[in-house]
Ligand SMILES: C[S@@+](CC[C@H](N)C(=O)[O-])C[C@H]1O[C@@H](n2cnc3c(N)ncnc32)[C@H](O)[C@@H]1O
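So this first bit is one chain, no partners, the form predicted alone, shown in structure tokens.
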């Protein structure tokens, strides 16, 4: 079954009634996108369809204010359109920025990687921990590990001790190239191999711990990721593609972040109000690569994120003031509180659900209001959002509420596209994943 249908300029994307592989990255779209990709990322074909509908050209600039690891900016660049991403998660911002910087020679990258691999392999061999050996063949020895204050930051049993030791040895060799062009590519390749090939992490879509890996050839897995990058780079002339970048910015405060650049279209997917701590998805690589150093550092980063889970709510938060007049938001918060009382739920995080709901939509209202200063008149917006029932099974029709907030702020309602549906076993309801399409009249 076809997952999506191509559109003509100015026409809405038309989708089949079945979900199929609608949210999967197609094999032909893996170049650059696959250097590192959130499990929950939306697919490249979705971006292409809205770029086409919005009639974007090389004269336009597309913005993704909740950039994640860069699907919109990578695909815009591949389609010859300038793009800017904004992201407050430090590792995700790093990953997105590397994925749109193609000004590195593939052969130099490969040669330097071979040198790093040889040095790391020799060090491990001299330590009695050959990278290719089974764990059972390795004699007991003192293994390199993380500082004590960092272990509580990562999921327990995220990575086996021997694999962690090998990874840290490899990373120390990679960091010898700090300051050189190749360094960031090696670090991103390390992160991708770490999460999906070396660690015990599993995604379904929540991040958790799977069966421990009894043996991993860490260096070999890293080299596979570097070679993937080299293969993509060999296929293109970097000078033939437009500018793209990803900036470390709180999406609720962007008016001064673009240095006067005016935006023709926004294609993005903000966090959903679903009680997911999105920083957990990138926690292992963030810690090993030094993007998060301790609990205080993690907290400071969380404060720059849209509030979507109780682990990221703070006493001084006041985004809820932006939706005090939105009756639907207030009604949902009241329903959640009534449900909490009915069920006798008294834990701290359950008591926080009503406030969190208002903070989430207030943060989106604050974002949409601040965004207006950088939009061209007639700019088109596409927000991929999903219905949720995470807060005591009270249904939140996210797309409908976001559309209402946008209209209240002066945006024109265009439509809501149904991207896909999924069945909630908890609520026995169908949940929509939708694309809210708005227009800024200026």
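Predicted, not measured: the structure shown is a model, and the values here were computed from it. Residue numbers count along the first chain shown, from 1.
There is another form of the same protein, the form predicted in complex with the ligand; it is not shown, and what comes next is about it.
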Listed residue (216, 305, 164, 120) with a non-hydrogen atom within 4.5 angstroms of the ligand in the model of the complex: 305
Sole residue of 182, 154, 249, 263 within 4.5 Å of the ligand in the model of the complex, by heavy atom: 249
Interface stretch in the model of the complex with the ligand - options 343 to 351, 266 to 274, 231 to 239, 144 to 152, non-hydrogen atom within 4.5 Å: 266 to 274
4.5 Å heavy atom contact, residue 278 and the ligand in the model of the complex: yes
4.5 angstroms heavy atom contact with the ligand in the model of the complex for residue 57: no
Contact of residue 400 with the ligand in the model of the complex (heavy atom, 4.5 Å): no
Non-hydrogen atom contact residue 285 with the ligand in the model of the complex at 4.5 angstroms: no
Within 4.5 Å of the ligand in the model of the complex: residues from 67 to 85 (heavy atom criterion): 67, 68, 69, 70, 71
